[in-house]
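Heads up, the chain shows up twice below as structure tokens, two forms, tagged structure 1 and structure 2.
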Structure 1
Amino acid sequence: MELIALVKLALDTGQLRVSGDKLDIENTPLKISDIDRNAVEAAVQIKEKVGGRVRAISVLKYGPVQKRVQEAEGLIREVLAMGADEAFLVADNALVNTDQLVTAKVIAAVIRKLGNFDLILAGEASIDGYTGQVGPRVAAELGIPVVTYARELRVDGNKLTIKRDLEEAVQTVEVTTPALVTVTREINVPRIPPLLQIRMAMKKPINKLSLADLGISLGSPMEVKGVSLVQVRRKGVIIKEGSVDDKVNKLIEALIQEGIITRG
């Protein structure tokens, strides 16, 4: 089975760098988006069960590109160590800070360049932007069915049986390949590669591509000027006077006035 895993090199939200009230994107480390690890794990498990090949695709969205490429290659080696056979990294200055539509068009161009495929797997959303748009947009670009929020996936020939997580229910759907499926964290537990797999990953190919290699020239209708942090400031109100009951009553009244709680 020809499997493709979409892997976002996301900002590491646990190591955000700040300059003033702005997020310092250029100096914030990257990491593989957590839920995309679930997508890679799902692809590798299918390969182990029915045979085939897993190819991973990443688009570098954060600059400076020249500095980030080496960092990106190191992260992609983690995916290869998990069991992917080959990786494709699209790095181009024109892609820095572009939107989800451009990302989807670039990924679709890579997939067309690769040729045949059966199943594309992606995380339901990335840990930094969390838009959940790229997977469905890639499916739209390729003209194939998309199934989102998969928590269970079974392959039987060219038929996929998928359990989708909805807000208050689990929906079971069937679809035939080729198709794109986005997965949730509940679908599996991503493996931690052993040392041997990590060493073997160093020999697997990472194919670097530019927009020129794909034969496309894209402009983004959206320009990101910067990312500001949410400012949380305490009001510093201290209730000192009165007994404990008085202080509790004053606290309750203050919370009601702020609209945090309501009277029963």
Structure 2
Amino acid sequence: MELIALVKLALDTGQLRVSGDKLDIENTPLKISDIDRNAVEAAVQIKEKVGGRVRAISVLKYGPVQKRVQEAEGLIREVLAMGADEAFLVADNALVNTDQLVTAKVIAAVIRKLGNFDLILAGEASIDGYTGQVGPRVAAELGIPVVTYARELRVDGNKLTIKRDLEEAVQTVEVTTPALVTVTREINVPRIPPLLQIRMAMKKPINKLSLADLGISLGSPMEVKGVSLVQVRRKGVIIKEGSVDDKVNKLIEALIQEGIITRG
């Protein structure tokens, strides 16, 4: 089976850098968007079962591109170590500050360049944008069906049986390939590749592409003007000394002072 995994190199929201009240995007580290690891894992598991190939695609969205490329390659190595066979990294200054319309067009352009495919897997949403729109957008761009929020996925020839985790129900659906499926965090536990695998992954190709290589030029219909971090000042009183009862008393005193509880 020809499998494609979409992997976002997202802002690490656990390590956001700030300058003043503005988010300092250029200095915030990237990480593989967590749920995209689940997508890679799902793809690799299918490959292990039915054979085939897994190719990963990343579109670098954060600058400075020059500096980020190396960081991006390091992250993509992890995906290759998990079992992807080859990766495609689109890095181009023109992609910084563009929206998801552009991301989806670029991904679709890479996929068209790769030729045939059966199944595209992506995470339900990225940890930074958390809009979950790129999966369905790519499907629309390629004119293939999309199934979102998969928490179980079974492959039978060209038929996929999927359990979708919706807010109020679990829906079981069937679709034939080619298709795009977005997965939830609960679908599997992404493997942590052993050192040997990581070393072996050094030999796997990471193909770098620019928009010119893809023969496209794009304008974004959206322009970000300002990003201000929601910062909350917390008191940070840590209660760690004394017996359990001492700690209970300290917390209760604090709750009384805060006006949360009043003595009965």
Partner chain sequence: MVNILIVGSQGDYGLVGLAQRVGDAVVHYLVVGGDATGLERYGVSKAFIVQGVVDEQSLANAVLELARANNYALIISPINKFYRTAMPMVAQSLGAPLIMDVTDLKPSGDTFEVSFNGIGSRAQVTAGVKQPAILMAPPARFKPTEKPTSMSKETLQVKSVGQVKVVSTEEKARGGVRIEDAELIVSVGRGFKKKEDLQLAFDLAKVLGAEIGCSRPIAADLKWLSEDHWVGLSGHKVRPKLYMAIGISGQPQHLAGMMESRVVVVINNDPNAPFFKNCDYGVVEDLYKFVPALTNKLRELLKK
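Numbers given to residues start at 1 and step along the sequence of structure 1. Given the structure is predicted, the values throughout are model-derived calculations rather than measurements. In this text, rigid core is short for the largest set of C-alphas that superpose within 1.5 Å between two forms.
Here, the chain labelled structure 1 is taken from the form predicted alone. Note on conformational change between structures 1 and 2: two rigid parts, with the smaller rotated by 69° relative to the larger (from C-alpha fits). Relative displacement of the Arg234 Cα between structures 1 and 2 on rigid core alignment is 7.2 Å. Once the rigid core is matched between structures 1 and 2, the CA atom of Glu253 is found 18.4 Å away.
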